[in-house]
Every structure is written in structure tokens, then in C-alpha cells.
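Next up: a single chain in C-alpha cells, the form predicted alone.
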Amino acid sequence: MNAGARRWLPFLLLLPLTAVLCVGFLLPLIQSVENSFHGFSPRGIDRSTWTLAAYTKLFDPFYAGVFGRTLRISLIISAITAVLAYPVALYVAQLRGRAQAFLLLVYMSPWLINVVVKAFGWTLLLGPRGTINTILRTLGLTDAPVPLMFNETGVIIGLIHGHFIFVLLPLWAALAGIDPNLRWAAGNLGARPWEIFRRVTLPLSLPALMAGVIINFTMNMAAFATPALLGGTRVQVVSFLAYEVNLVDLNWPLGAAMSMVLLVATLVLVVLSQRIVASGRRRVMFEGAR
């Protein structure tokens, strides 16, 4: 094989995947962008008109409230999951052999179960006559069932359980890959355990933590089954509303506008969070160097 053929071989190997991505992702995205600027009629998309009516409608208090609720819930879940996952990842990374593999399997097992099955399982735990309320009443801690379903609490609990692994795995990989000699050297220089964590462990694991939080956040923004089953119509999120707009009302221009706004909002938040974390990491490493 000559030099020219070797130079083009990687591009030829990428052609099938590129074609699949263009047909399955890029073209539908372009079509959604186009549909969002068309009008809506009882017959469907009015392609004879170009308008911003779909985007203007999203400023209605109802739609703006749904977007705000989705953003708030996603941020809360991402923050709680990060706080819960970090100590678990620290502990798992210190284990060796079968113990580490067993714990990782335990934490991964909920993700291997269908999301609808997990949501129905949470209904048995969180319902008015569920396990948690039964225990609380048996212990005399409550006289009436605690509302844990069909509200934001139920949605947050269900999504934390379902998306926990996406923060844990990147953190575990990063923490397990840190050279133990770095901590040993810091201790040899007089650093206390908290200083070792703040100046060595945290800066080196911060990119993995950010990656896990971003994945968690994007999945929370797009979650459908868990909010629908644990939140119901009382806690509508963007994914549930998009389902109703697209498949019940058949208002595809409005549904396309919702998807575009959700995509742009998610990308903006991801970029901002990456910049904030990068700035924080540089500040932590600068303080550590001092």
C-alpha cells in the first residue's frame, strides 16, 4: 500500500459511521430546525409560511414554567448525585480485586434494569401505602402518608437512583488512575489528609467529576419515563410536554421549537460549567503550587 492510500485509509474507514450519523442524527436535526420556523395548521406543518410563532409561544408562562422546572430539577439531581458519588468513588478506588469488581457490579445493576421497571419499583416504595410510608406509620413518626410521589421529590429520588452510575464510573476511573506516589509525596512534605485531598486528589479528579455531572445533567433534562410515572401530570417536564405536543396535539412546529430550545439551553449550560470548573481547577492547582 502506497503512502497516498495509507493517508486516506482512516477517512475511508470513517465513512460508514459518518453516513449513519448524517442520516440518523444530522438530517433529522436540520429538519427539526426547519420545522420550528413553519406555521401549524389542522393538517400539520404549514410549509408555505415562515414564522417565529412556535418560539414566541414558548415564552408563555406555562411553557416557560415547564422549562424552568426541568432545569431546576436537573441541576438539583446533578448536584446531589455528585455529592453522593464522590465518597463512594473514593472508597471503591481504594479497594482491590474482587471487592472492587463486586461493588461496581452492585452499583451498575440498577442501570441494567429497564427504566420503566425501576420507576414502577419506586412506586411500590414511595406510594401512600408503600414500604417507606408503612415503616414511618409503624414507628409512629407520621400519622398520615408522606407525599413522596406525584411531586418533585419522587422525580428527584427516581432520577438520582437511575443516573447515579454515570457520575460514579468516571470518578472511579479517575481516582483509581491517580498515582499513589503523589499522595505519598504530599504527605512526606507535611501535608495533612485534607490538604492532600484538596491539593492533589480533587484537582486531578475534577475533569472526571465534571464529565460525570454533564452526562448526568443532560440525561436528567431528557428523562421521560421516570418523571412521567413518579411525577405524573402534576410535575410536567419538557420531555413529557414534548410527547404531548408532538404525539397528542401533533403540533410538530412547536415540538421542534421546544427541542431546539432544550438543545441550545443544555449546550450553553454545559459550556459554562466547563469554563467554571476549568477556572476552579486552575485556582486550586495554583494554591497548591504555593
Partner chain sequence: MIWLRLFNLLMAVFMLAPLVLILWMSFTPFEMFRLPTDTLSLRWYREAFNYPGFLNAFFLSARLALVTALAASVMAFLAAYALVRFRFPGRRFFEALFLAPLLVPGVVLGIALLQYVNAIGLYNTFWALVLAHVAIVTPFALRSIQAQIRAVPEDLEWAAMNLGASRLQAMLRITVPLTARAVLAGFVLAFIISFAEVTVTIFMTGPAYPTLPVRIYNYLSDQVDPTVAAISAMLIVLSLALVLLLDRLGGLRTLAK
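Note that the rigid core is defined as the largest set of C-alphas that superpose within 1.5 Å between two forms. In this text the structure is predicted, and so the values were computed from the model without any measurement. Positions refer to the first chain, counted from 1.
One more form of this protein should be noted, the form predicted together with its partner chain, which is absent from this view; the next part is about it.
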{"item": "Residue 28: touches its partner chain in the predicted bound form, heavy atom cutoff 4.5 angstroms", "value": "yes"}
{"item": "4.5 Å heavy atom contact, residue 140 to its partner chain in the predicted bound form", "value": "no"}
{"item": "Contact flag, residue 247 vs its partner chain in the predicted bound form, heavy atom cut 4.5 Å", "value": "yes"}
{"item": "Its partner chain contact at residue 272 in the predicted bound form, heavy atom, 4.5 Å", "value": "no"}
{"item": "Its partner chain in the predicted bound form - contacting residues of 224-253, heavy atom within 4.5 Å", "value": "224, 239, 242, 243, 246, 247, 252"}
{"item": "Residue 268 C-alpha moves between this form and the one not shown by 2 Å or more, core aligned", "value": "no"}
